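Here's a solo chain for you in structure tokens, the form predicted alone.
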Amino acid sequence: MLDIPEALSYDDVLLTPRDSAVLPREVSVGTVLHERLRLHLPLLSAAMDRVTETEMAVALARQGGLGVIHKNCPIEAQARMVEDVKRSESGFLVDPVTLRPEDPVDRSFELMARYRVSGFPVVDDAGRLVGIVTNRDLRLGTRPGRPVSDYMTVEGLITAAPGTTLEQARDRMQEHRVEKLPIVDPDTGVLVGMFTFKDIEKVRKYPDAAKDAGGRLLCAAAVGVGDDALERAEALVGSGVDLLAVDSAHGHARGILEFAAALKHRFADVALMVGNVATADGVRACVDHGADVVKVGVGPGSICTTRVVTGVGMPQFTAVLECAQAAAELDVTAVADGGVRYSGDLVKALAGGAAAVMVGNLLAGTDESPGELVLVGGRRYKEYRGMGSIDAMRAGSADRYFQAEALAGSADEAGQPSKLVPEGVSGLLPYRGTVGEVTNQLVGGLRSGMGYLGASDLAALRERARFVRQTAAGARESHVHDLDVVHEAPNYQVPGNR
């Protein structure tokens, strides 16, 4: 007879309360995914085409987390999203976008629209600052095709020398009523960087934002294993991506591991996340092939049907426990991907050893997720689809499930590939407000959970965690029962009403 071990999901366990002198407001929820990836919020957004593009990545990084931009788009589009995130704000811009005096004024309008900024420094061929052009200069009387030099401000430019601090830059801009402060080498006149008032205010508004050493928001992006995968990775690295995520439903497959090793060899200075796996052996294989971070989860997502279609998977809590332990032994980190429905699941995953948690469902209904709001029965919804759904696979994610060849196979009457075997579905999610509102509830639940355990930080949470199993009756008891909910809480929906 087979010796079949038992495996558990988040609903099968609870953390037991401990003696505590820690208040929720006093805890630290920061985490380190990699030596260059320090987060103030242990949360990643899923690399899904209805979850993470520029707006989501920016919003989540401002909250202290990390957005992983999906790959269901052309290489140039994904690389531009990464670039837009990296340029969205910085305490000090070391490589500001510039114009040349001879550039047509149309170019300035194009760049203003792309980067959502109000103006640019103008430099000559040697990089010396010769002027500044802003939307005020271009507001009236501009003629298409005319050079920028006809409209730029030349006299009375307000600049500062290298070494100017953030506070000094803010004071100087306030004194002179300017929004941009170019930093110019006093000996050569060469532009070496720039402060903007908008970025300085963002630093104050989002003090816990996840940033790189240069003060830019952190950004991750997914790559597959298709024919253009190395080209895609190279474009993403060129755009400044901080983490490359090898996106596969089965990270323990030989082809995925060989590609991961090739990526690490070519881009050794960029952090690499590989997945998905659900066993300690899978973690070891990923690390052996260059992974700095391992993504854990086979089949727990709300829109994933992998376990039902294939009969393969692992209940997520057990997968996280086993994989996080293996990751710790190998001095890498594990990210729990999928299965999180409430903030309590986030606490359990982190207590079980995950360095961070990746979510899709909880963020897909926010303002910052891609897609339009739809009105159904008087309520607002957003579309959410698994990357294993028919629609997403047709859009480019088939290689994630090793079915890229099926796209070139026979077609149905509508001309669409008919050999695809989906491992996910599409659906509608209730509108949830902004990313900040969602993360506020998640972090609030995490802080409360840590308070119950007397854990001042995530390391203490893992150390003090004591789990008990609960029966199905215990899980029912954990939820609202014996009444009809009249007013829904922002962090809880009755099972079945989600």
Ligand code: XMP
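Start at 1 and count along the sequence shown; that's the residue number. Because the structure is a prediction, the values reported are computed rather than measured.
This protein has a second form, the form predicted together with ligand XMP, left out of what is shown; the following refers to that one.
Chemist: Only one of Tyr384, Phe259, Phe195, Phe120 gets a heavy atom within 4.5 Å of ligand XMP in the predicted complex. Which one?
Modeler: None of the other options qualify; the answer is Tyr384.
Chemist: Of the residues Thr366, Ser108, Gln78, Ser389, which one places a heavy atom within 4.5 Å of ligand XMP in the predicted complex?
Modeler: The residue from Thr366, Ser108, Gln78, Ser389 that makes the contact is Ser389.
Chemist: May I ask whether Gly301, Cys304 and Asp337 all come within 4.5 angstroms of ligand XMP in the predicted complex, judged by heavy atoms?
Modeler: All of them do, each having a heavy atom within 4.5 Å of the partner.
Chemist: Does the 4.5 Å heavy atom contact test between Asn361 and ligand XMP in the predicted complex come out positive?
Modeler: Within the cut-off, so yes.
Chemist: Using the partner position in the predicted complex, report whether Leu33 sits within 4.5 Å of ligand XMP, counting heavy atoms only.
Modeler: Heavy-atom contact with ligand XMP at 4.5 Å: absent for Leu33.
Chemist: Against ligand XMP in the predicted complex, would Gly424 count as a contact residue? Criterion: heavy atoms within 4.5 Å.
Modeler: Although ligand XMP is absent here, Gly424 would touch it in the predicted complex, with heavy atoms inside 4.5 Å.
Chemist: Hey, in the predicted complex, does Ala46 get a heavy atom within 4.5 angstroms of ligand XMP?
Modeler: Close contact exists here: in the predicted complex, Ala46 approaches ligand XMP to within 4.5 Å, heavy atoms only.
Chemist: Looking at 186-194, 219-227, 304-312, 152-160, which lies within 4.5 angstroms of ligand XMP in the predicted complex, counting heavy atoms?
Modeler: Within 4.5 Å of the partner lies stretch 304-312.
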